[in-house]
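This document opens with one chain alone, in structure tokens, the form predicted on its own.
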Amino acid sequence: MYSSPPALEKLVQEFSKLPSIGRKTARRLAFYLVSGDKKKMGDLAEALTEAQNRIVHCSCCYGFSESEICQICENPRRSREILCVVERASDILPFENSGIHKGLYFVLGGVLSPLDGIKPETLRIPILIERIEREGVKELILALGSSPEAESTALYIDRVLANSPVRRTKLARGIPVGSDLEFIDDVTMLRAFEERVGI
């Protein structure tokens, strides 16, 4: 019985660890890379190494950056009074692409999921609360998606801030239940953002 060379099998295994990549797609990607131009493989390897060495989390919002503080947090034209809380760093992109948010961001690092061992202390909730108090944030937009876990996370943060004067809002309905923000079209995102509601 034929078996792939170990290096090729390892490449397939690494691709299959990526989100939304099944074994068949991982095999197709690996075969494409090793069958084609070696320069393409070298370019990919170089890009991965560069990303590993240069990309860090912003010390302020925890988004992706190549410096200690990202371009968004450094920008003096951004409103310091509005803070948009997202689950993952990749969730910042749809807001920036549509240009609907003129404030700052905060990446929570996930949503509450006790069955998966993700509790309030696992996330950056204490850091978020400290930042709200320190920077005098006036509105907190909880843009955590529409899954049950995201809803319970928003309610938890709302309870923690019960005695705080900060206005707490969330995206309006229109985001399909359970969908990731990075896959929402601009029009739906714009409506959900502009018509945000109090928690």
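One rule holds for the numbers: they count along the sequence shown, beginning at 1. On a predicted model such as this, the values are computed, not experimentally measured, just so you know.
One more form of this protein exists, namely the form predicted in complex with a further copy of the same chain; it is left out here, but the text below deals with it.
With the partner left out here, a further copy of the same chain still marks one of 162-170, 39-47, 149-157, 131-139 in the predicted complex; by a 4.5 Å heavy atom cut-off that stretch is 39-47. Shown alone here, Glu66 lies within 4.5 Å of a further copy of the same chain in the predicted complex, counting heavy atoms only. The closest non-hydrogen atom of Leu29 lies within 4.5 Å of a further copy of the same chain in the predicted complex.
By the criterion of a heavy atom within 4.5 Å, Ile72 is counted among the residues contacting a further copy of the same chain in the predicted complex. Taking the partner from the other structure, a further copy of the same chain in the predicted complex has a heavy atom within 4.5 Å of a heavy atom of Ser90.
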